[in-house]
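As a starting point, one isolated chain is supplied in structure tokens, in the form predicted on its own.
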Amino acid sequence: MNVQLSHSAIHESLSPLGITADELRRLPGNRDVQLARARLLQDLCSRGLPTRRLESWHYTDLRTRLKAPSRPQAAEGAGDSGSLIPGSIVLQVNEAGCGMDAGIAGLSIRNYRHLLEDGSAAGELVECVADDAIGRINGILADRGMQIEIAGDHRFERPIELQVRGSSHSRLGVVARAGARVTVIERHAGQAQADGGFSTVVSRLRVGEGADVTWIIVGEQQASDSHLGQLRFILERDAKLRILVLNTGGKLVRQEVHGRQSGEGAQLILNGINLLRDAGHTDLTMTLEHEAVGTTSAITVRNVVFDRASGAFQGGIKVGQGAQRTDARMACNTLLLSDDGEFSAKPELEIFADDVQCGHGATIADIDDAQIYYLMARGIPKARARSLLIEGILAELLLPIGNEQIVVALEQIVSAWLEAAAEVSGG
């Protein structure tokens, strides 16, 4: 890799990422890919990791918080770790080729490593938005992943689960052609490492005309892990997309969602659940552009904060001048269950059309003692009463998924997390 930078500048930039210059040079990619990586590294060296001075990173000082392990360790060839629900199509994101199976009807899969080696991936190793540190870091380090195409009018009854395990840097791409219907579960699981793991993933999704996609992101990082994720999507005419983001752990987690509703009549439901405890920090940042007539969006984020945990939600919706008859709603609701915890919410609307219905809001509260007393009076222990009330508040966000098996599995993850949190905090 030909980068016109000093060795000290390169070392200083790569050290928090847990990789050396020699290891960087050995990453897969032809000359075009290497040049793309070099441009991103140049940007990283000149800008550094983002701090609170950048508006989009005001609540997550990455320069201070990111402490990557000295040597990332990916779960190479570790086998199927079990699917969220039985019968899923499980694809493992690993260096060997992500569990390719060309025999699945309606499903076309390409190994992202091959796209790096032949240069096809060079054009997408670019920043997505201003101050795109996640795209920059992942573009420098990405060495695995997959590109998936769902055939037009093909309807998958079984969900597709993309398993991303350990410390790795992946690119995922899904194109759902016109009329297709599919549920994709992007599932992240950390692996125990003495100094914590570090992973990044950038996912790209295009939902074709009249297609119907459910995209579920499940983050199950270990308490010492750092994870940076980004989902970029485009909705074409009359496309429907439901997104659920469930974050349940990690020392540092930032999940970004950046979308464009470019087709008339496109519909989006985005629900987020952030479960925070210990001293972890979780940041869910979202930007959405309404570009066409008659598009709708409903964004709801609910957060549960224990202990000394901290978190943030930043949501920005932009309604373009041509996006008349837009209906856009955004809400962030936080249960702050500790005097030492904190959560920041920043919902924003930017509207350039005059025939729209838009609104946003944010609340922070504790559980009503009267409700806990009501349940305790009926023989339910205090910790369980509190968990039941929290589960009820969060359950509403799972309903748009529409698959009872998936909803039950996610409810079990939430319930187990709340039980563990109650034990640590003493109920």
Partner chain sequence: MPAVQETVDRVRMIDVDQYRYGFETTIPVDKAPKGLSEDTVRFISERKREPSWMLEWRLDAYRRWLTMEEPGWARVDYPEVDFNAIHYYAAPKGISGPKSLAEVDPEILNVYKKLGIPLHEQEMLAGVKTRIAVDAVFDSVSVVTTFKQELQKAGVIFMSISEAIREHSELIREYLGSVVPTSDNFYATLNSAVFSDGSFVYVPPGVHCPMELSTYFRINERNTGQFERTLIIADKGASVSYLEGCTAPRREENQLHAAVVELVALDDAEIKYSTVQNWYPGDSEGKGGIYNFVTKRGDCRGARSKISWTQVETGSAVTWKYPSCILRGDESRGEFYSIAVSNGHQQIDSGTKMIHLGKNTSSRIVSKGIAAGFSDNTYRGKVSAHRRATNARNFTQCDSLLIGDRCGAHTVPYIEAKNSSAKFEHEATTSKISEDQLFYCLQRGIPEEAAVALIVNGFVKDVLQQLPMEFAVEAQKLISISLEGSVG
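Numbering follows the first chain given and starts at 1. These numbers were taken from a predicted model, which means no experiment stands behind them.
The same protein also exists as the form predicted in complex with its partner chain; that form is not shown, yet it is the one meant from here on.
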Interface check vs its partner chain in the predicted bound form: of 148, 269, 122, 336, the one with a heavy atom inside 4.5 Å is 336
Exactly one of 389, 380, 38, 364 comes within 4.5 Å of its partner chain in the predicted bound form through a heavy atom, and that residue is 364
message = How about residue 152 - does it come within 4.5 Å of its partner chain in the predicted bound form, if we only consider non-hydrogen atoms?
response = no
inquiry  = Quick check on residue 346: any heavy atom within 4.5 Å of its partner chain in the predicted bound form?
reply    = yes
**Report entry** 4.5 Å heavy atom contact, residue 264 to its partner chain in the predicted bound form
**Finding:** no
Can you tell me whether residue 359 touches its partner chain? I mean in the predicted bound form, with a 4.5 angstroms heavy atom cut-off.
yes
Exactly one listed stretch (54-62, 41-49, 23-31, 392-400) reaches within 4.5 angstroms of its partner chain in the predicted bound form by non-hydrogen atoms, and it is 54-62
Contact check, 112-132 vs its partner chain in the predicted bound form, heavy atom within 4.5 Å, ordered by sequence, gives none
